[in-house]
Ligand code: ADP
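The chain below stands alone and is given in structure tokens; this is the form predicted on its own.
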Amino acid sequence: MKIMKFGGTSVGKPERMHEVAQLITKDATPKIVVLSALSGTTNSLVEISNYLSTGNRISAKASIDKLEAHYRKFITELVKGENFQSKANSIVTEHFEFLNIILRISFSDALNKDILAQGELMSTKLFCVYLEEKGIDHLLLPALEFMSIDANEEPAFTSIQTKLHALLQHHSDKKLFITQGYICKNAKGEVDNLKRGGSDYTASLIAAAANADVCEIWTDIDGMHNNDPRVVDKTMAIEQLSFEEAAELAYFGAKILHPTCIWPAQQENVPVKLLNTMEPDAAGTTITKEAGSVGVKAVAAKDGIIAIRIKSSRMLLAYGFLRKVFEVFEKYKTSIDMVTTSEVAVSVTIDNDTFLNDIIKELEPFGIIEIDKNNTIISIVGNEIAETKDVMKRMFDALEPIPVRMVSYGGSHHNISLLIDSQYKREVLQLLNKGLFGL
């Protein structure tokens, strides 16, 4: 069994959907194909939802009409047969009738989740109409029938596995299944989602639940690169990464992969491949249990970082001090990225300022609190880099002109992290590209 996930850009144009159909029918291997919404759709649905939440029904209606016009045009190029165009238009009509009906309904969080689900529901149904026109045998496998999260908004893996196995067994005569990424049911049985980037998560969960041979993530770039190609001119795709290396890169800013994607596949040891829809023959990146090589493999950057320093010569060395500090962040469900300590201060970084004022207020009894915003974490990732000779020397030689605010080293065999002012991000990525990779 092969799991193939295609993102919004891979299905964002009719010709892209046509190419996806070719890719999934290249061989006879049983497949579950996970599709995102058409590119731009989720942003439009978020906009509609935001207008409705503020009572701006006129703007919401304008956005709905604009999105519907896009889908009507999309259909004219997706399918050619009159009966198939009629079927595709009926699907669009059904979903936009829903969006127009909600203009007269009181807004709620549950309604918001229903709105956001429309993109994946439409993309999969329209894709199935195209497959039908091409005579490609398939089955639409609604994600809402098996994908679920629990009361803590975590995937209900045992339930997912049980329900998916039952569905696959019931349709054992089928070899090609199409399903939605991102959407799911919550513990109340309501429509919900796996948050932004959740289609990767869906694919990985399905791969783990189905004990698949491979989970392929198809995007518009040929694998994970050694640096950010949007910032650095010369980058290269990484041939092989371990699950741990990929998870570090995803968490610290590599946009090609959602940070949560790795965990389910890693638990069941299902290889993950990152492939390019535009260049399907490119090798891409393979993520497995084995790292493949030792040393530095990539650099990633995570923006929007806030540094918090607690200076307290009286309390820092006191028993339980750090525990009390961390309990404040735990109370407000705010995760910490980096930690450094000295005799008189402890510094931590966070990437979420939602509860920053509350956190500061609770930390003030511990000492003097200093806040430093507009920072970026630069993460250097590779297998056993903490034990690799001259990595630190090459790194700091490359960064000689850059003021580094924090360093996290030794906590992981796969990661060295630096905190810098965000104004130096572009320069730092370029300097490290030259100093570590010679590019």
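Note that residue numbering begins at 1 and tracks the sequence as displayed. If you're wondering where the values come from, they're calculated on a predicted model, not measured in any experiment.
Heads up, the form predicted in complex with adenosine-5'-diphosphate (ADP) isn't pictured, but that's what we're talking about next.
Visitor: Pick the stretch from 21-29, 427-435, 7-15, 411-419 whose residues have a heavy atom within 4.5 Å of adenosine-5'-diphosphate (ADP) in the predicted complex.
Guide: Checking each option against the 4.5 Å cut-off leaves 7-15.
Visitor: Does each of 118, 128 and 180 have at least one heavy atom within 4.5 Å of adenosine-5'-diphosphate (ADP) in the predicted complex?
Guide: Checking in the predicted complex: none of 118, 128 and 180 is within 4.5 Å of adenosine-5'-diphosphate (ADP).
Visitor: Pick from 295, 304, 229, 280: which residue has any heavy atom within 4.5 angstroms of adenosine-5'-diphosphate (ADP) in the predicted complex?
Guide: In short, 229.
Visitor: Of these, 190, 268, 353, 220, which has a heavy atom no more than 4.5 Å from adenosine-5'-diphosphate (ADP) in the predicted complex?
Guide: Selected option: 220.
Visitor: Considering non-hydrogen atoms and a 4.5 Å limit, does adenosine-5'-diphosphate (ADP) approach residue 138 in the predicted complex?
Guide: No, no contact at 4.5 Å.
Visitor: Under a 4.5 Å heavy atom criterion, is residue 256 part of the interface with adenosine-5'-diphosphate (ADP) in the predicted complex?
Guide: Contact check for residue 256: yes, within 4.5 Å of adenosine-5'-diphosphate (ADP) in the predicted complex.
Visitor: For residue 225, is any heavy atom within 4.5 Å of adenosine-5'-diphosphate (ADP) in the predicted complex, or not?
Guide: Yes.
Visitor: Give, in sequence order, every residue of 279-301 that has a heavy atom within 4.5 Å of adenosine-5'-diphosphate (ADP) in the predicted complex, or say none if there are no such residues.
Guide: Nothing in the stretch sits within 4.5 Å of the partner.
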